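Structure 1 and structure 2 below are the same protein chain in two forms, each given by itself as structure tokens.
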Structure 1
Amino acid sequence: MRYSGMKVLWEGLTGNRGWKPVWREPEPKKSYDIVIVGGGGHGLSTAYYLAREFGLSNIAVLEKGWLGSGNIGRNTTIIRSNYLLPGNEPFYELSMKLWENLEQDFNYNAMVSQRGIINLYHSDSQRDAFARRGNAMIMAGADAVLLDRAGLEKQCPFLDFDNARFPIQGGLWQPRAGTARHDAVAWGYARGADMHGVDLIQNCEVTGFLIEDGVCKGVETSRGAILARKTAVCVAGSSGRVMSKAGMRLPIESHALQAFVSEGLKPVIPGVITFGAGHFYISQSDKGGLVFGGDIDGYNTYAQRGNLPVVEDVCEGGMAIMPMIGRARLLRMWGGVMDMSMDGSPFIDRTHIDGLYFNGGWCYGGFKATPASGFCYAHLLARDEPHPTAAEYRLDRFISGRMIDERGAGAQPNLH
């Protein structure tokens, strides 16, 4: 079933009796060409692009819970491509271009809203660094505008420009950035993959890998063994636990990242705003709630919840740039499990085990990367060669010294 305005009108006039389930609930087959472990945004988008772009349909996506129960439904919905390094910026710009046509591509309303993002700067040196970043973005085909104080005041007059500790001098603006409805992204990719014949298997936990003579031949699951020519893992914060079942130790730590939403308010924030002297980012949802977040929790965990010191730190960051946020009441909060790599950049690569592939280490950037991650992972799986924009995301880059340290924080995951 394809959705359209006429279909919505017709169903409204006929009692909404013609809607069909968005995807099937098939039983797992004994074998597939490709098994994707993880039914989040990256797994679903990989399956979708494998079917749509590369014509492969004998594919299964295995999810231990329900589709979209992980980080794809536990984030702050920001999409952007304002990166600096050549190993990152072309990849995220590819993702941005895919976001721009996503809803038409898979015929589903993902509520993509290109309302822009502004990264605030608070010193001359930070202004110069942002100018460099903006130039790198433009060279990679993205858009960037360096705003001075006067230009920023026109868009965000509510900011505390004369804050004694963190005076705001301006910001780096990417007009094409914005937000998307995280759940709808998962549902849209799931529906699109299902329409192309992909089996989406929920409540099917992978408990081990079938490895013989250095070759992965499938997976053991809570619903029995499933054979596969290729096994593709993309399980975000559970990467370390899952890949350990194949005897691999990854350069990844798992940390909780909390997010928050306030009560509904009248429209005030035009797009996404980030604090340049701390870690705080905020936007306003279509319902009026202020959606914001900050740093990860400082300890390793696999729990989808956080602790109160980070709540305090995030709210302090918000108060530093817009004191009015102190009058808003917090409605709810949640946590996702971040797979923090040692240099803050992800992996899309083959492993040393034939037939076993890995996608992970997305740190804070997983949601915005969803389309490009799936597209590039599908390219790798279908052709056994990396997509040009993801060629630097190698598992061995720490051995070869080709790290992609976007933030310049070194090999300390909690700082990325």
Structure 2
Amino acid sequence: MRYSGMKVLWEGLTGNRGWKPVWREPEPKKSYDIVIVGGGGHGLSTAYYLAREFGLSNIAVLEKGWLGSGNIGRNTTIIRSNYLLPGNEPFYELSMKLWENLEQDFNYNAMVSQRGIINLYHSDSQRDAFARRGNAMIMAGADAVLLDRAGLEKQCPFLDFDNARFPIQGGLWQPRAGTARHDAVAWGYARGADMHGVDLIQNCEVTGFLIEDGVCKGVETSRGAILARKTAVCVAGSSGRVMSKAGMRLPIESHALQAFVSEGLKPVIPGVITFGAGHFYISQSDKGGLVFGGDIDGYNTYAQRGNLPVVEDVCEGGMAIMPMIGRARLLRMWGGVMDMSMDGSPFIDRTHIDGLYFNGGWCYGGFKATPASGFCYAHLLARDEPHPTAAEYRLDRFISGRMIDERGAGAQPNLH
């Protein structure tokens, strides 16, 4: 079924009786060409691109819970490609370009909204570091603008320019960045993959891998064994516990990231604003809620919740730069489990087990990567060679010392 304004009108006039389920609910088959473990954003987009770009459709996506129940269902919806390092920036810029055409591509309005992102700077050396980054972005074909204080005041007059503890001097602005309606991204990819014949199987937990003589032949699931020529794991925060079933230790720790949303308010914040020095970022959703967050809680956890110190820290950061939000109320807080990698950058790679592939280590930045991650993972699965923009995302990169460490924080996941 094709969605359009006309269709909405027609259905409205005829009692909305004609809408069909967005996806089938198939029983799992005995075997597939490719089994994707994890029905979150990356798993669904991988399935979608495998079908759409590489013409493969004998594919199943296995999801432990409901489609989109991972971090794509619990994030702060920011999309951007303001990265620094050559191992990252071209990949995220590819993702940005895919976002820009996504809705027309999969015929679903994911509300991709390019209202821009501004990273504030508070000192000359931060400005210099942002200049380095902005130039790297432009050199990779992305967009970047360095705002001075006057330029920033024009866009964000509500910032506390006069009394902030760390004076707000300006910002690095990426106009093409923005937000997208996170659940709709999952549903759009799911619907697209389903329409191409991919089996999306919910409530199907992978309990083990079928590994014989160093070759992965499929998976054990709560709904029986499913054979596959290729098994592609894509489970974000659950990477550690899933890959341990294949006997693998990863350069990944699981950490909780909290996110917050306020009560609905009339529009007050234009785009995304990040205050790195104070561990705070914010945007406003189309429904009017202020959506904000900050640092991860900082300890290993698989619980989708956090604790008070970070809640307070984040709100302190917010009040420090925009004291107008003091009387807005925090409505809801939640946590997601992040696959924090050792250098803050992800992996899209084969494993040492033939037929077993791994995609993970997205830290708290997986949402914006959803299109490119799926696209590049599909490329790797279909062609058995990495997509050029994701070639650095190797699992063995620490052996030779090819870290992709944007923050320069070293091998400590909770600092990235």
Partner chain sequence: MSQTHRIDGGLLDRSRALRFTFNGTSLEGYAGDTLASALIANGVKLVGRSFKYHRPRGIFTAGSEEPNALVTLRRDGHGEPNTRATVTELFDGLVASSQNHRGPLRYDLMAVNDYLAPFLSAGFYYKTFMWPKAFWEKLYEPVIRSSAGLGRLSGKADPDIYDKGFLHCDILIIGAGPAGLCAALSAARSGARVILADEDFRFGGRLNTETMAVAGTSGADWAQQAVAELASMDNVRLMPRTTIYGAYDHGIYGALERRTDHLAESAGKPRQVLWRIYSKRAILCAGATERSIAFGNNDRPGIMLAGSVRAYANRWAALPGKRIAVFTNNDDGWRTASDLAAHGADIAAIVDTRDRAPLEAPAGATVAMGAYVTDTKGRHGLKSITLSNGTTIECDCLAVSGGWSPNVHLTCHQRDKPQWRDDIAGFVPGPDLPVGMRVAGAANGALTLAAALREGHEQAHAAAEELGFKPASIALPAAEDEAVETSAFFHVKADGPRAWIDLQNDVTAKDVKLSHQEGFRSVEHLKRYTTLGMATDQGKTANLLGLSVMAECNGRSIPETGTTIFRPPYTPVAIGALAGRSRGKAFRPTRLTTSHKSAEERDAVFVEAGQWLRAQWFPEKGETHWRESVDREAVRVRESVGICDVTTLGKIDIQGRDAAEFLNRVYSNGFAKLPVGKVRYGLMLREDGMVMDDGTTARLGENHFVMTTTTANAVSVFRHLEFCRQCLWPGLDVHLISATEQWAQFAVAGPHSRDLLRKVVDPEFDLSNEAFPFMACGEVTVFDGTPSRLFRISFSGELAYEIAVPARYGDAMIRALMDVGEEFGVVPYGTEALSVLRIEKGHPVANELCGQTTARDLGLERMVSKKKDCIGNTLSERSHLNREDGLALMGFAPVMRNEHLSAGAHFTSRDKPATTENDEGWMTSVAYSPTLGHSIGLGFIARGRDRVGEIVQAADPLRGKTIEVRIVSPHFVDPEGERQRA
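Shifts are known only where both forms have a C-alpha. For residue numbers, the reference is structure 1: its sequence is counted from 1. This is a predicted model, so every value here is computed, not measured. What we label the rigid core is the largest C-alpha set whose atoms superpose within 1.5 Å from one form to the other.
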Do you reckon the form predicted together with the partner chain is 1 or 2? 2
Structural rearrangement between the two structures, runs of 3 or more with C-alpha shift of 2 angstroms or more, core superposed: 162-165
